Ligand SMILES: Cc1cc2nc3c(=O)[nH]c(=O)nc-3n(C[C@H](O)[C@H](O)[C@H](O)COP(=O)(O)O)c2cc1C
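The chain that follows stands alone, in the form predicted on its own, written as structure tokens.
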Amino acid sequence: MRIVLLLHSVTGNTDLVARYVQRHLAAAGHQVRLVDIRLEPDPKQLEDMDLLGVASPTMYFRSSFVMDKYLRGLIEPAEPRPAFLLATAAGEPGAHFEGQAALLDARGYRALGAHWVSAPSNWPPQRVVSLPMGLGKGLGRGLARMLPAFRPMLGLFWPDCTEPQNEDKEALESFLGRMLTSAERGDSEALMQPLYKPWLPGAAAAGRRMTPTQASKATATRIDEKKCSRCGGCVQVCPVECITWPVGQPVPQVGSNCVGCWACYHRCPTGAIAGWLSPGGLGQYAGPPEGMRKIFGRH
């Protein structure tokens, strides 16, 4: 089966899981092309496929605006094509899947199912607020192992409590098996309605209402000229070219089209980029922790 897996990742959580999915499906004998939409931003370059996968992080109880824009540009296939949705989230995808399923449906793709993998929170405001709880991290992880269903709630206080376990990998593999079976059977209508039922009251509603403008205001990105090392890394990682470095300016400049992904914040080596409730450098996420890399990385 020919499978195209679309990927948008900010700090590496989704990238790690998506590449595991690629290897897992390839090991089962399928042809899998992974498309990082930041590096290949033109949807018109996608070749014909039997199954489409979409992997992106949950942000503000919804899918990333970058992936949504990409999905709107997909060329409609001659006949409906099956698809599956993947997310990494620290606890609640909210309206993530319903939004992407609607976008795909408008382009001739039918979402057969959706699955999210628990991952440590990389949202700087939460990581900053939870810093005082760092001393109890061991307690939090212990509670997460004993009460896995409460990991998302525990993650509000200890962001690393949502680090995935081996059971999460097994659940992901089981989901992929169901999606392959459905696609091979020729299903083109959604099998799960709804694709995902939020557990946190108001999460889906908040995700539906979130706009890029609101996300930009919630991020409030700014660059401290005194701390900036002039490395240009923030310009390179911005997925919407919001950060530019005009000729004559001493440091990069933040535009008005920010989508609140925090990629620049996590990339800055000197903590020169600050945001809402996040003084420069505090709450930076260095990427998937060792435990997560052991589960989904190469062995």
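Note that residue numbering begins at 1 and tracks the sequence as displayed. Please read these numbers as outputs of a predicted model, since none were measured by experiment.
Another form exists, predicted together with this ligand; not displayed. Remarks below refer to it.
Please pick out the stretch from 36 to 44, 60 to 68, 23 to 31, 239 to 247 that is in contact with this ligand in the predicted bound form, where contact means heavy atoms within 4.5 Å. Selected stretch: 60 to 68.
State yes or no: in the predicted bound form, is some non-hydrogen atom of Thr221 no more than 4.5 angstroms from a non-hydrogen atom of this ligand? Thr221: no contact with this ligand in the predicted bound form.
Is there a heavy atom of Cys261 no more than 4.5 Å from a heavy atom of this ligand in the predicted bound form? Yes, Cys261 lies within 4.5 Å of this ligand in the predicted bound form.
Does this ligand get within 4.5 angstroms of any non-hydrogen atom of Asp160 in the predicted bound form? Output for Asp160 is no: heavy atoms all beyond 4.5 Å of this ligand.
Quick one: is Ala114 in contact with this ligand in the predicted bound form, heavy atoms, 4.5 Å cut-off? Output for Ala114 is no: heavy atoms all beyond 4.5 Å of this ligand.
Quick one: in the predicted bound form, does every one of Gly12, Thr88 and Ala119 get a heavy atom within 4.5 Å of this ligand? Per the other structure, all of Gly12, Thr88 and Ala119 touch this ligand.
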